[in-house]
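Read the single chain below, which is given as structure tokens and is the form predicted alone.
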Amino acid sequence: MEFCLFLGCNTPAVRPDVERAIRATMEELGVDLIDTDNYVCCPAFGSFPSTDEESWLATSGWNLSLAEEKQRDILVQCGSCYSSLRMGREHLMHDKKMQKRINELLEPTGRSVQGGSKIRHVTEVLYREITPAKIAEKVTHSLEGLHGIVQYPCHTLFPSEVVGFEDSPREPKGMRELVEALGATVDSYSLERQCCGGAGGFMKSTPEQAIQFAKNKFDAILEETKADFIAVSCITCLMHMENVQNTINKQIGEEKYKIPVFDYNQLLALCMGKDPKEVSAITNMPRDAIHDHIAKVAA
């Protein structure tokens, strides 16, 4: 299995430990990741998709053409990158007039987009292609004894007819089963499918409301679960759910919210025995208790 790896902007720039975790785990699971040289921003929602459709689709077309050249689908972790690229491809494949216009814009670069490469999210590949059962076989250090909750990236669920890969976007189960494959107990709670609040300009446009929105979610986690960690599979969810806990703590004057947040592939890497200093070192929430627990619990 081979994919062109699309890392987006934030992961290589801000969280290279997540990148190392993805590369290490996918290779061990038999997935070859080909670097996509010269890719550009997806582009993220709030930029070109909100202001200039041609610019959005030309940018998406450029990225798609890189993968088409290598005759591989694109593998993405960031929920926003996944949705922007996948929806961009959807527009181009259903609007031949627009596709022709985008290829005219790309022509001076010697590129064109035909739609030969699809966009896949890393959790889709792990869940559908690798399967939780095969992942469980790779676990050498278990999460047994720990409770976690999962955060589904909104952009992998809706609009479900374009981006969805779950049997039901309103009752997703992929992330839950993937975390359970590592030995953890995954708790449910009332706001489980609420957005993390970190994307779409929420924090920038109305920060007070966005922080309260996140606080409501974390209050539900604390009151309704035994969560030792949060598992995500989107760099925006990861960074926001860490940072907003610190913001809330400063507002209330106490360290009440301090649940460590991991990308799923980081947890997977740790459960495969990878060095935390390589795959799980950068964080705004203390992770030592989780690292120590995993180190002690051999499968």
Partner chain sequence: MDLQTEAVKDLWKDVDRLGDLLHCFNCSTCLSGCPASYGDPPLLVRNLARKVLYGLEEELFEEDTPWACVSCSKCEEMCPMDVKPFELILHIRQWQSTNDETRVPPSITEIYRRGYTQAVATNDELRAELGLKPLPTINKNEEQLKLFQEMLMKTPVVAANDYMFG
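Residue numbers count along the first chain shown, from 1. Owing to the predicted nature of the structure, the values given are computational and were not obtained by experimental measurement.
From this point on, the text means the form predicted together with the partner chain, which you will not see here.
Between the partner chain and the residues Asp32, Glu28, Asp52, Glu255, the one pair within 4.5 Å by heavy atoms in the model of the complex involves Asp52.
None of Thr185, Gln194, Ser112, Thr140 but one reaches within 4.5 angstroms of the partner chain in the model of the complex through a heavy atom, and that residue is Gln194. Of the heavy atoms in Phe202, some are within 4.5 Å of the partner chain in the model of the complex. Pro159 belongs to the set of residues with a heavy atom inside 4.5 Å of the partner chain in the model of the complex.
The partner chain is not drawn, but in the model of the complex it has no heavy atom within 4.5 Å of His121. Of the heavy atoms in Gln245, none are within 4.5 Å of the partner chain in the model of the complex. Only one segment in the set 177 to 185, 128 to 136, 113 to 121, 149 to 157 has residues whose heavy atoms sit within 4.5 Å of the partner chain in the model of the complex; it is 149 to 157.
For a residue to qualify, one of its non-hydrogen atoms must sit within 4.5 Å of the partner chain in the model of the complex; none of Tyr82, Lys226 and Ala295 qualifies.
For the stretch 81 to 116, the set of residues having any non-hydrogen atom within 4.5 angstroms of the partner chain in the model of the complex comprises Met87, His91, Arg101, Leu105, Leu106, Pro108, Thr109, Arg111, in sequence order.
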